[in-house]
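Have a look below at one chain only, the form predicted on its own, in structure tokens format.
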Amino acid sequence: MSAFQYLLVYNSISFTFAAMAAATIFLWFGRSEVAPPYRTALVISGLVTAIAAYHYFRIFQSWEAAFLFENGVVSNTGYAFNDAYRYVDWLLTVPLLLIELVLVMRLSRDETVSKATRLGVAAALMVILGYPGEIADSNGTRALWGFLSTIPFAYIVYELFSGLSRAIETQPPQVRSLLKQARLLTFASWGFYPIVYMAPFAGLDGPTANTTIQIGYTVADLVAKVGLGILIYIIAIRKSEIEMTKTTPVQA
């Protein structure tokens, strides 16, 4: 591994840890600025970034332990870099990302429970099926588990653009475009993970493949968690203002 590759991953992980931690503080403090029905969505959104911040701290520690950087030269220490931290993080946060999107829409109780449960289970299954391929030694095994992981991913995409489309149309006109942006951001960022996952099939191997995967996953995490969290906050603020306007009596 070159010094550039090592430092690129090192600094990107450090930056992402700080970004996740800052987003957590922002979202949790922002909870008091929205109406009560939307506070749970912000709590969960902040929980997503808090969990991610912890795991990025652990990823950072593992990266430091796996490599020794001295005098511009990178060498292996003998300790294996633990990429499982990412999958533990995703197993916890990916279902929550979909749940926060459902909660900020403030659907009926039955519809909220139904959609959150279906999407959450599918998201967890997608992560679980992807992990064996991530740690596989052969591209064939990686491709097999990657294909299996795309089955629940395809279901999630269907729900986002079919099931949630009808629900979005019931939302106030002022937030429909924001909800569509949040849905598109979720799809785009999640769609980037499989592309990174398949990096070894592009002829990349060794440190180049490792660097590409680490940077790719890190960028996707920033967009999917911090980016979506900010959108959820904006939607919650906008819907709170709309509801406050409706309940404020008109002065004669």
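Each residue number is its position in the shown sequence, starting from 1. Values in this document were obtained by computation on a predicted structure and should not be read as measured data.
Not on display, but discussed next: the form predicted in complex with a further copy of the same chain.
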**Message:** Each of 26, 32 and 60 within 4.5 Å of a further copy of the same chain in the model of the complex, by any heavy atom, yes or no?
**Reply:** yes
**Message:** Partner absent here, but in the model of the complex, which of 196-204, 61-69, 179-187, 212-220 has residues with a heavy atom within 4.5 Å of a further copy of the same chain?
**Reply:** 61-69
**4.5 angstroms heavy atom contact with a further copy of the same chain in the model of the complex for residue 18** = yes
**Request:** Although a further copy of the same chain is absent from this view, report whether residue 244 comes within 4.5 Å of it in the model of the complex, heavy atoms only.
**Result:** no
